[in-house]
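As a starting point, one isolated chain is supplied in structure tokens, in the form predicted alone.
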């Protein structure tokens, strides 16, 4: 164990130095006293830890998407991928192996142990310790949440072990139910002493927020607000979950180094993490858009790497990128690990193992845009035909040119997309809906707060003092989106738009029980907005468990396999009607 962490620390040192490679292999005989000497070594350990974490990207996406309803196998897929797709997983399936997750968890445990020693021996200040310990602790909690989602009853190990296989020894590390795991994760994560992101700027600078090889590290590290939100959402603590999501939704508007606490850049204050409305004049936004005054021409759809909705998956880390992405880790051809998604998805220069499910394509094509076009343009950006084959495109825009040909077969740059503002808004809306704030949930899903809470939209010259805001009693549900001239208002949320409005699709209706109807619409929207980004299986499991309705999950997987002509569709549905069959085998 020590050897692997020592190597990770050396990797971190390399990433933050001018050297891109070492002339010789690292010496694996280093002791903790030699690698945990000061805060710079602590930073190197963290960077090395995240470097190892990136090795989970392929397994994470495959498990969360292929097991669900939006991703399918191609003719090139091997038996292991086919078994995952048909929920016929054997213990030896490498994608179902929990050891890679536990290997990173074990490294987290080792780093946390040594950080405690550093604090005791005064090799780190209290502030430095709190920030770094909290980051690593939160990463461990996120990893355990994934382990629980996929394997169900698992061992919860918080001390480093000599070998990863040791965690399978039930006599030493008994397994606990997923619900009990959630309790443990909430208790531990709540105890972390620092829940804000790493500070950057002139007042406090950790040294971890920096630039390397053209990438800024500001979004490299896990966001603890959304982690706590997700843990409580899974547990059914809806108001607590919404409170944490709200902190993230507004945090980026405040600058620790600014004299008045606010960003001097007004756009950043009003738009970061708040799903702002489109810039129809320039299309310099992250929304579905058309060339101005040509909105009735399908050929004027904005479809490039520098403007509109598609660009969030390809553009540089400018202010617009920062307004949407909460957590994203880059793959660069200049350093390890390599980008696994080109091989997984690309039909040019890759193995083309996985493809969009026909069910996902049909979902986008069943939507209606506000200009009357009978399709959701997010599908046009998420999926394209490459050599006549449907291809998942979100991970490939930095790899191919406009003709969908590889720019350079050896240059496979890209990113692991872990979390973004749209997901946070949908999760907040899910929590608010279950907490009785259905109109607010509907607003965030559809046309935004200002429009939904405006009884006379489109009327100019009105007194907006008592409209365009939720008027709820207190946080986290008291949003103010007023925007008017008599008197003049520009409230904090006045530029907010709904997720569907940013996609230019019409509102989702409500039928029957409003709570269940809105919840269904939110999960449907998750598929339209966030397809292939690694969220889907967890979304289906959480809702099915909450409703005590296995058919909610089983029917969606069945529909995918049925539309693909898979003869196992009915058998898979029958299997998934038993909750225990949702979980992968945890081989003891």
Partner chain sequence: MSLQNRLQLIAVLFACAFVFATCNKKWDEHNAVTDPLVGTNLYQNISKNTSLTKFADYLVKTGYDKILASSKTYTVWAPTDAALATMDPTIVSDTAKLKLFVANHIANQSYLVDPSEQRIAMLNGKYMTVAGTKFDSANITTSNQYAANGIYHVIDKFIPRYSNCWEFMLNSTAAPLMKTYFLSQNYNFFDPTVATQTGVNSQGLPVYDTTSGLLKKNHFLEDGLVDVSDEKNQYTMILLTDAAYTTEYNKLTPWFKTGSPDSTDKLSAFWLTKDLVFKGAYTLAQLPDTLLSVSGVKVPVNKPSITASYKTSNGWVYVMSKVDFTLTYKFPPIVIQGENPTFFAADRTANTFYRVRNSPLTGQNFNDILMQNYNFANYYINYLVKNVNSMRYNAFWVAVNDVQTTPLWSQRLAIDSTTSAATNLAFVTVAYKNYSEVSLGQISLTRYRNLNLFVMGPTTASTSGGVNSISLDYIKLVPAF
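As the structure is a prediction and not an experimental result, all values here were calculated from the model. Positions refer to the first chain, counted from 1.
Below, we turn to the form predicted in complex with the partner chain, even though it does not appear here.
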Name the stretch, out of 482-490, 271-279, 296-304, 82-90, where some heavy atom lies within 4.5 Å of the partner chain in the predicted complex.
296-304
Contact between residue 375 and the partner chain in the predicted complex at 4.5 Å, heavy atoms?
yes
Closest heavy atom of residue 371 to the partner chain in the predicted complex, within 4.5 Å or not?
yes
